[in-house]
Ligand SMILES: Cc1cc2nc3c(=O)[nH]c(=O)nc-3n(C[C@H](O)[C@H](O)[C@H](O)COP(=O)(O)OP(=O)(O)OC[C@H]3O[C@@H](n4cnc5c(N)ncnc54)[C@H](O)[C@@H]3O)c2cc1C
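In the block that follows, a single chain appears as structure tokens, in the form predicted alone.
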Amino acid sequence: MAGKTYDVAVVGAGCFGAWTAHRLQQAGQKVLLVDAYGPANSRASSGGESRIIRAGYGPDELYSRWARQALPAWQSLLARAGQRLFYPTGVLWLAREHDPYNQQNQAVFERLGVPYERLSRSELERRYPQFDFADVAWGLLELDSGVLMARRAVQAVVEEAAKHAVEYRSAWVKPPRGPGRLASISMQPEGEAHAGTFVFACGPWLPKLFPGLLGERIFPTRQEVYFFGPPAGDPRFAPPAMPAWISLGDEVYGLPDLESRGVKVAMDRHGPPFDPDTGVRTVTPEGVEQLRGYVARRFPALKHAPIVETRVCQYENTSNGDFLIDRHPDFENVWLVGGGSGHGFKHGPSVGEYVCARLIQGGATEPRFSLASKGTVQHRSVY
């Protein structure tokens, strides 16, 4: 590494960092990509098996637009990777009688031309008999949305970038010192890397690298994920019979049985604080009881289903759920990119494109992504 200088060094090879490096390389930049544990590693927020990609964001049309822009970029790159890493399962929103969020979803779908169906309670029961819709009045089905196989998808982005001259290194980056202009980063065991611009897209590690600035503005939380084994020979819980689904009123989401891993179900509410390096990644008895109870109510045929797999990952939350994409106030050539807040994975291509444009072309930044807009008390408003 000695003597090498890059246009941009990107720290963090999760979804945001990988796509940022890829977009910068496509724009002609000489790029270094660094990660302490490896692309989409088991400690990363991007390291799970699967993630929903959907356009529904209620009133937050900005994220709906970004999701729609991201979907074809994912599809194109993953097709080149030669692997089946996107499943067009559809995404079903379960709505209550008076449900302003899903009413706003429908209005945004109309404005953006998102293909969807609005389903009555009777239509839901006829089409999806594996669900118990006792508390559901109607539904919205996003027709061309679905599921990304997250860990392998991020690794495919990094592999694609490396084919086109992005240099990847596995190394731990020391917290930068300043202020002023950052000349290099110190990596263990790789040594120093010099660059004109540095992008820190290291998710839940951002508070560790910048404790004074982000220690009280980024909130990593512990999130438990469960996979329930469907009955033998029962096709109702795999695509195309079962879509991915979201019940915002319950703060629960689920994915069908993909690649024979089981039906994935998780709570979407924030868990307790979590350390991505040392946090215990085994589920709790309380979590098991809670999810078993929910699954038994929502899917009667899974009442006694075995839990065939579990995961503990983390959300990397900002105070309200908006992304953080802004210049570091103390380093003129350092950018902070993060705040996925449990919904960011799908937006990787759009985030990469946005960061690339800011670095190369400049221009106005989105106020919602600014550091100044990030509070020190969690008050989630983006789902």
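Note that the coordinates shown come from a computational prediction; the quantities given were computed from them, not determined experimentally. Note that residue numbering follows the sequence shown and begins at 1.
There is another form of this protein, the form predicted in complex with the named molecule, and it is not shown here; the text below is about that form.
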- Item | Triple contact flag Val173, Gly340 and His343 to the named molecule in the predicted bound form, non-hydrogen atom at 4.5 angstroms | yes
- If we test each of Ala161, Ala153, Cys202, Leu92 for a heavy atom within 4.5 Å of the named molecule in the predicted bound form, the one that passes is Cys202
- Sort through Val308, Ala107, Ala296, Leu209 and report the residue having a heavy atom within 4.5 Å of the named molecule in the predicted bound form. Leu209
- Just one of 328-336, 58-66, 345-353, 23-31 has residues with a heavy atom within 4.5 Å of the named molecule in the predicted bound form, so point it out. 345-353
- Query: Hey, in the predicted bound form, does Asn320 get a heavy atom within 4.5 angstroms of the named molecule?
  - Reply: no
- Is Ala70 close enough to touch the named molecule in the predicted bound form, meaning at least one heavy atom pair within 4.5 Å? no
- Message: So, Val225 and the named molecule: in the predicted bound form, are they within 4.5 Å at any heavy atom pair?
- Response: yes
- Taking the shortest heavy atom distance, is Ala9 within 4.5 Å of the named molecule in the predicted bound form? no
- Which residues within 71-110 place at least one heavy atom within 4.5 Å of the named molecule in the predicted bound form? none
